[in-house]
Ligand code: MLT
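One chain comes next, on its own, written out as structure tokens in the form predicted on its own.
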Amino acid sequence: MSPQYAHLLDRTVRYHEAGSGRTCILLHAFPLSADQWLPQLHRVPPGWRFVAPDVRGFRGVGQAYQDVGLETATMASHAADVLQLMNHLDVDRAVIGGLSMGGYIALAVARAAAGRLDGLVLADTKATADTPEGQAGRDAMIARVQAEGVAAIADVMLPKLLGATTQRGQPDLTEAVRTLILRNTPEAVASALGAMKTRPDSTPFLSGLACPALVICGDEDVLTPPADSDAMVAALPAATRVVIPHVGHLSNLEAPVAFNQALAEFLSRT
């Protein structure tokens, strides 16, 4: 699938698009790219259009202005990028979905423009902010990527991103995810770490979200375990919970059939 490019006011955004009809925007995890969503883009439910953009800085497209604001990026600015892309594509309302970091951005979109959401998909993510220990860990990773490059981040993250069952049974997926990570720049990775470190707690906001929500989690997810999903489901007024067995943090890649089924069923009711 060939990527497309949206030339926005101050940057060019690389994105994938498939299907036609109502729009579902899918936001990728750290430290991957929009390519993470290829298993979903190849199985778009009838009546739906999937759009998967790169988060600011990831998989840079070469234009001199595409990394504008990278050093000061926040979840709010990432959400603004999503809304600007929606405007560019003439999309007034959409289902917004995200996995991990993408979930943080989806929640930021909901905070900024809840009226433009037809639904919310939160996969292997959480609503709470980083703890002080978590923030210190982000700082350590920023220092490491600046000193050692993206390969060092791949070495740290891969054992946590994929579930134990996946690591044993799908060794090719481990290498595919590593490749996705290595295609990014140290600057993009450091920027995303800083934005995640400073994100606000979205928990108090969840009870006011009227749109339907799908909360998905792998039962072997060690980064955002099922308890984090349970907390969001308890706070959201209209949430559906799906736990995928034998799957870690990258549930859409580790078990695409189960993930696609859960997403299609949710969209059919939205």
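Just so you know, these numbers come straight off a predicted model, no measurement behind them. Residue indices: 1-based, along the sequence shown.
There is another form of the same protein, the form predicted in complex with this ligand; it is not shown, and what comes next is about it.
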The single option of 144, 111, 138, 116 touching this ligand in the predicted complex, heavy atom within 4.5 Å: 138
Candidate from 101, 188, 94, 180 lying within 4.5 Å of this ligand in the predicted complex - any heavy atom: 101
Every residue of 29, 161 and 196 near this ligand in the predicted complex, heavy atom within 4.5 Å: yes
Stretch in contact, per heavy atom within 4.5 angstroms of this ligand in the predicted complex, of 29-37, 49-57, 210-218, 227-235: 29-37
Residue 157: touches this ligand in the predicted complex, heavy atom cutoff 4.5 angstroms: yes
This ligand contact at residue 16 in the predicted complex, heavy atom, 4.5 Å: no
Contact label in the predicted complex: residue 223 to this ligand, heavy atom within 4.5 Å: yes
Residues from 234-261 in contact with this ligand (non-hydrogen atom within 4.5 Å) in the predicted complex: 249
